[in-house]
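Below you will find one chain, with nothing else, as structure tokens; this is the form predicted on its own, and questions on how it binds or moves follow later.
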Amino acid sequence: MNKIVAKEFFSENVVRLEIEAPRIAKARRAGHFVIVKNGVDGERIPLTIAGSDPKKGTIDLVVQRVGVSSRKLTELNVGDEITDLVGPLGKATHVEKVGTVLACGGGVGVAPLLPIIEAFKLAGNRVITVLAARNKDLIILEEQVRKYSDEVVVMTDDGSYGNKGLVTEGMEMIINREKVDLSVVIGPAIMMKFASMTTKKHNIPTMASLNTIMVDGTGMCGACRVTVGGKVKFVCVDGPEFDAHQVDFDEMLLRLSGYKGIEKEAELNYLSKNCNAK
């Protein structure tokens, strides 16, 4: 089992867990993810590795409470152990010196974006990062992102921090000002859809890290399938990163919504039982 050695709340529903996993910490690269299971009968959850410390033998995972399984995971404390942790999985980010990279993260999408920002900066690129969220309290990892960015633009829907507006408005501001050679977008599917539409009209190559439904993470179940360039791809083994301009985001959004009702009902039942128990 893998022990939790540190826990930090970024907000009420977003938690960073530092977990002992020496072999994963040593092998992981930007873009890799793990499959986590909490409890013998727990659900398998894919989480991108937000960072690692090979010397300490730990990895960082950022978890957002969106259902029963993620809630149970965030309720674990320092000293508790993760039942199962498998990784690193997926293909690592292809990193090279391309010039100016526009990195865009929405909400908890900033967590998987961070190691990619770091990798592109260390490869000699100019990195401009746009962080976006509904409000100031939901902006995460800003200090860490600034460490590896030449410039950081913050966008909030309500204007409570940085600039008021959507991530696409921040992107347009940069694109209209200077030449961008590559864009990387990570966040909610709807955000990635419109971010990729923004770069497509400016002919900027764009990479998106997809967050589809996933079960085994090894290409056997097919739950994570997505259409890219008219062909079916499995996010777990073919991705998670793809050419954003080739991704069928409308199909992906429909698949992501398939279990929303069941997930909400399960969460309400879980909360009801736990409240009654207290």
Partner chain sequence: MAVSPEFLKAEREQPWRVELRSKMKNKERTALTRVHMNEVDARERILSNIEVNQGLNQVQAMAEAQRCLDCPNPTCITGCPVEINIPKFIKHIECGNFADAAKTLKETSTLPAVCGRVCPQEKQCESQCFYTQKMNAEPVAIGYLERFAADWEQNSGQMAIPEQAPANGIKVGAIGSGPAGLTFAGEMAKKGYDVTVFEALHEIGGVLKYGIPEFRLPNRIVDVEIDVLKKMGVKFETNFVVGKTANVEDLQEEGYKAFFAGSGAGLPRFMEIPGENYIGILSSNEYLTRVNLMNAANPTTDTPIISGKRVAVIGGGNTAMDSVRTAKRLGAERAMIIYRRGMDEMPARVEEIKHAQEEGIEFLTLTNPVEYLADSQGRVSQVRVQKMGLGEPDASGRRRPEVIEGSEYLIDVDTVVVSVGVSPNPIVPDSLPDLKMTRWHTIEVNDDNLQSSIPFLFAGGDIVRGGATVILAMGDGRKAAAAMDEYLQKNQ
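What you are looking at is a predicted structure, and each value in this text was computed from that prediction instead of being measured. Positions refer to the first chain, counted from 1.
A second form of this protein, the form predicted in complex with the partner chain, is not displayed here; the remarks below concern that form.
Only one of these stretches, 104-112, 124-132, 69-77, 181-189, has heavy atoms within 4.5 Å of the partner chain in the predicted bound form; which one is it?
The contacting stretch is 69-77.
Answer with yes or no whether Gly170 is in contact with the partner chain in the predicted bound form, where contact means some heavy atom within 4.5 Å.
No - in the predicted bound form, heavy atoms of Gly170 and the partner chain never come within 4.5 Å of each other.
is_contact(Gly222, the partner chain) in the predicted bound form, heavy atom dist at most 4.5 Å:
Yes, Gly222 is a contact residue.
Is Phe249 close enough to the partner chain in the predicted bound form to count, meaning some heavy atom within 4.5 Å?
It does not: once the partner chain is placed as it appears in the predicted bound form, Phe249 has no heavy atom within 4.5 Å of it.
Would you classify Asp84 as touching the partner chain in the predicted bound form, given a 4.5 Å non-hydrogen atom cut-off?
Result yes; Asp84 sits at the interface with the partner chain in the predicted bound form.
What residues of 2-27, in sequence order, lie within 4.5 Å of the partner chain in the predicted bound form by heavy atom?
Arg23, Ala27, in sequence order.
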